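The chain below stands alone, shown as structure tokens; this is the form predicted alone.
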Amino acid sequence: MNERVAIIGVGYTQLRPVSSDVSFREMIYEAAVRAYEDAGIEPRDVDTFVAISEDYHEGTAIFDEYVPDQLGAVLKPVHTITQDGLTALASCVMQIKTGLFNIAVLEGHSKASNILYPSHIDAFALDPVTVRPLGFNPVFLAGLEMQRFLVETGNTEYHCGLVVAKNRATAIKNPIAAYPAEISIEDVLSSNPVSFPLKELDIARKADGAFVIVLAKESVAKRLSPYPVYVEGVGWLQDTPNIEMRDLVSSLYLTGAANMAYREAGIRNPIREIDFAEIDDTFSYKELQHIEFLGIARPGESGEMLEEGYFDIDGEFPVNPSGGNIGCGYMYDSSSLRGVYEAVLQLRGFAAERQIPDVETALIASWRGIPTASGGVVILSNRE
């Protein structure tokens, strides 16, 4: 199929640290109703559904069996992606590109507050022979990687603190963010140590919430939506999760995913051809690392550019105008859907106080989290 694929509807819930008053089904339903209304469709119009679910995080086996009811997907194809949200979005795009489907719906949610001991769950992903028997909290891997990245690139803990201060402050303008705040770099640097040099405020806090995204082939999108947002390129890559076998300085998973997406979108120089980015910042240093290995900054220069205001919401290349994971909250595999939602709002001109003027092209980049080396990149545009 030669037609492009477009996002024609987005739905969301408020992101919160705890959501004991609603079930995951109610959150998904709320987001789905908003998405269908935004797209101008009913569930019966949808040809295929994709759900993001990881049984370990949900606490239920074959969790996708619990998704169709609240999406209106009963007796419809439901395909589950046990991966990052952008990989799931790629699945929607590819299904539509086959020519067999006109409209696809993507759902992702987080009930992180239900997980009493998240480090115990994360530990299942560690190598069972060489790493897991050590009994460390898996976050120690982030400390190792942060230390190596800072030493090798010349970026500093101060720059990481600046990432946190920027994203928490930017989130103040985002009505769905869970953790907006005015905090100083000194607050970050003096917060409790977790895994040297990683500190408590360097880590994005968990959030509950849901997002639903409606995609359609171009001819259908133009008929249904006055402001379709087109998927110009998508890429994904999985590197080894084994810490002893990979480069701790480089996020090669994101470089590979970006090259794939750039090639499809015809992007040769991302810093000149892309207007803003939503980039994974689950840990503060990750924003800097991802900026560099997406080709937005040269190795070792992201911290200085950040210090100069280059990546501020009113800077030359805004990064995380939503507030990122640090400001909005970390939603496991669904975190990147919040980035897609923000990019769609920006490209439609609907981002209110945080609207970036005259934007045409956005980049969303994801990382699946400890201990993975899995990432995805999507390029979106509002160009007809």
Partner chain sequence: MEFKGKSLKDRDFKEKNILYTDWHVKAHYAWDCGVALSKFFEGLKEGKLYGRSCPECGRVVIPPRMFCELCFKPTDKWVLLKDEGRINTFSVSYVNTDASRREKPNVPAVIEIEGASEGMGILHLVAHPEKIEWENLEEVLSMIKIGTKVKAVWKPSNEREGAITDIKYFVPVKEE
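In this text, all values refer to a predicted model and were calculated from it rather than measured experimentally. Residue numbers count along the first chain shown, from 1.
Beyond the structure shown, there is the form predicted together with its partner chain, which is absent from this document and is the topic of what follows.
Contact check for F24: a heavy atom falls within 4.5 Å of its partner chain in the model of the complex.
In the model of the complex, none of the heavy atoms of V151 sits within 4.5 Å of a heavy atom of its partner chain. When contacts are judged by a 4.5 Å heavy atom cut-off, A142 does not count as touching its partner chain in the model of the complex. Under a 4.5 angstroms non-hydrogen atom cutoff, its partner chain in the model of the complex has N114 among its neighbouring residues.
Scanning V359, V46, A351, A32 against its partner chain in the model of the complex with a 4.5 Å heavy atom cut-off leaves one residue, A32. From the list 51 to 59, 351 to 359, 338 to 346, 318 to 326, the contact stretch for its partner chain in the model of the complex under a 4.5 Å heavy atom rule is 51 to 59. Contacts to its partner chain in the model of the complex (heavy atom within 4.5 Å) from stretch 293 to 309: none.
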